[in-house]
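Heads up, the chain below is alone and in the form predicted on its own; it's given as structure tokens.
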Amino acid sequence: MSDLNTQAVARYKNNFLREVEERVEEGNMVKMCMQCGVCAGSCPFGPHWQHSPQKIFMMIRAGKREEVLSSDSMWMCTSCYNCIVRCPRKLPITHIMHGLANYAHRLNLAAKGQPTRDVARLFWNNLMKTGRINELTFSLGLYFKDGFIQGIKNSLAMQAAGLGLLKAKRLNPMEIFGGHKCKEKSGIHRMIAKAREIEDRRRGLA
């Protein structure tokens, strides 16, 4: 159990709803859900949810902390915003779902091996190295994240897409040596660190 999670458990004890209200983006709106199910019916991934949004909100109010934060449902959201558009109470459901995913990640409680989380982490780590995405190293990291043999299989399966990117000059083999970079990388790092500091302080995660 991470230190941040231990602190959260000690602070909120059995009041998971208050924890979400204070520490999750737009979490204060969870209590406004009237359990109509329109969000689940509007979602393109509706049949594939482990827990649909209104079930997640119900579980939060029921204090099912571990079940919610370890669920992969929040990571299924594609940000299509159908749920927000159709919600009778105009709840910011998309923002809450992303907020829950981020919070679970920060507490190290997110479902392990969740594809969306893995891709997001690869993307972020790649971006932070130079301030810009290196398409080649990002693609290689994605293909080989499950080992060398699987990486070869993934690369062969995607060779047509790779050749298309090369022809369109969207992929440069020379980027393996570093690729394009932002001129003021340290400035970008400072900006992101400050933004995280402000957000963590606002959410009580500092």
Partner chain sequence: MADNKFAAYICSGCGIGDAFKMAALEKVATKEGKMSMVKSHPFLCNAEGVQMIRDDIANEAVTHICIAACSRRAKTEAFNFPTVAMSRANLREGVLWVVAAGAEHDEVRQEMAEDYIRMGCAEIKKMNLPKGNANRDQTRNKSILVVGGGMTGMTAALAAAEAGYEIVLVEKTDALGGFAARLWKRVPFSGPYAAPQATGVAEMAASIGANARIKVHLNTTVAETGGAPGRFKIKLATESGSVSELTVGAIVQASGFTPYDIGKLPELGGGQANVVDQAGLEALAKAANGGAIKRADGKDIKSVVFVQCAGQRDETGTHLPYCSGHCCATSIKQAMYFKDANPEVDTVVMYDDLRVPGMGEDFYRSAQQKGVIFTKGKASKVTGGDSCKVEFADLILDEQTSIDADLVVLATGQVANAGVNLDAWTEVNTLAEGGDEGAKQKRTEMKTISILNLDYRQGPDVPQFKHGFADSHFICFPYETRRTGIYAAGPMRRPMDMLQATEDATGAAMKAIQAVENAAAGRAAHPRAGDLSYPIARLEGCTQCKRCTVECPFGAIDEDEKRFPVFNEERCRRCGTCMGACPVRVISFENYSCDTVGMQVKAVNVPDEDEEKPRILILACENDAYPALDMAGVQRLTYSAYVRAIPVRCLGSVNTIWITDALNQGFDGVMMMGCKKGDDYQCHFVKGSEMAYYRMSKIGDTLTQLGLEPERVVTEEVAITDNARVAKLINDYAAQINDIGLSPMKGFG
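What you see is a predicted model, and the numbers here were worked out from it, not measured in a lab. Positions refer to the first chain, counted from 1.
Omitted here: the form predicted together with the partner chain. The next part is about that form.
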{"property": "Lys129 within 4.5 Å of the partner chain in the model of the complex, heavy atoms", "result": "no"}
{"property": "In the model of the complex, Arg65 touching the partner chain (heavy atom, 4.5 Å)", "result": "no"}
{"property": "Contact test in the model of the complex: Met32 vs the partner chain, heavy atoms, 4.5 Å", "result": "yes"}
{"property": "Heavy atom of Met58 within 4.5 Å of the partner chain in the model of the complex", "result": "yes"}
{"property": "Those residues of 92-110 which, in the model of the complex, come within 4.5 Å of the partner chain by heavy atom", "result": "none"}
